[in-house]
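There is one chain below, alone, in structure tokens, taken in the form predicted on its own.
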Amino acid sequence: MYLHLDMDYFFAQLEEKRRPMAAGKIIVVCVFSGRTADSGVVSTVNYPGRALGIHSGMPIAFARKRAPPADSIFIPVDHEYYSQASVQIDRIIRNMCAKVVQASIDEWNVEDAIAEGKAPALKEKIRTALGLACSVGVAPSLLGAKMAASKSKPDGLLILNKAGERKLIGRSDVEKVPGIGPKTAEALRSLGADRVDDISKLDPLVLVETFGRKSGAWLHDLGRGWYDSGLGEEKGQEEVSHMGTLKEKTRDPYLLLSKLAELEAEARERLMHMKKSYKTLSLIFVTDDLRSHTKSVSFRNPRAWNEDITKDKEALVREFLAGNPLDIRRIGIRFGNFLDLGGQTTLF
């Protein structure tokens, strides 16, 4: 069986969590371009905002026109915060399930013989540990699990057997199927296929001529209920980072390095799981004026997850302190420029 887990409006839900006083308000997480106060686009929005027609990719200026100022909060994206939560969720899922592939920062695919039995406990574990809601779908195919999770939103759980999966997918509008974009859906409708079941009535040669050999064959199988299974390859993660807030603002190298050691331990656990080496180490400093600064070093030879980088951290901290007179409020560590460890399995 396959399981698909999707965190509900992930970024906005995390912002709700750390802003309890904003309960019931519209939370709009934005990518501000900085050109003007309202330039940029919406990254995500919670459900009260979606009810007003605000959605991802919408210009911030348009979103503000739909959201009453007294009942809405517009927040810049905080990738460090979201990434840390994602790592925690990933750890929970991998501790409970067999084969796991993280599809994105807020989605996971699982293959497990008893996925339907683990799904309720998985939802509850994430809720207990992080206070977050997610939607989960379980089905005989990964496609069915994804569509079941989407159908169960928000905060739902839908488990399908073979017949239930065939019914859900077959009766779905073609544009609801992951992998069918707007142009493909429009072309299918022009051929008379409004729902997935309608695709089975189309000539396979017409499908190949219209969509190409690979896509045409996939659509032909889809219409007949032959759903591809398998998790595929896990997408490469571009970086692993952890940020932390200091107990008090400081310029004391000992306190800074102590906090970095704590953050490094959490990041290394993820590196070990990924079985990657890295070539770039970065330290992030948030100073008293709330500006973020980064100091990085790139290594000639890739470093393994368990190599000692104490001297490198000390050098970056000294370099930053020498060039910036302000106190530091937050500090973080980032590993990037990954390479596969390949034959270095003895490191584990």
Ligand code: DCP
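Please read these numbers as outputs of a predicted model, since none were measured by experiment. Residue numbers run from 1 along the displayed sequence.
Only in words, not in the display: the form predicted together with the named molecule, which the text now covers.
Highlighted residues 196, 215 and 218: none comes within 4.5 Å of the named molecule in the model of the complex, counting any heavy atom. Contact with the named molecule in the model of the complex, judged by any heavy atom within 4.5 Å, is made by just one of 106, 80, 112, 264: 106. Per the 4.5 Å heavy atom criterion, the named molecule in the model of the complex is contacted by stretch 37-45, the sole one of 309-317, 290-298, 61-69, 37-45. When contacts are judged by a 4.5 Å heavy atom cut-off, residue 335 does not count as touching the named molecule in the model of the complex. Using a 4.5 Å cutoff between non-hydrogen atoms, residue 153 counts as a contact of the named molecule in the model of the complex. Proximity of residue 280 to the named molecule in the model of the complex falls outside the 4.5 Å heavy atom cutoff. In the model of the complex, the named molecule sits within 4.5 Å of a heavy atom of residue 56. Residues are counted as partner-facing when one of their heavy atoms sits within 4.5 Å of the named molecule in the model of the complex; in 1-35 these are 6, 7, 8, 9, 10, 11, in sequence order.
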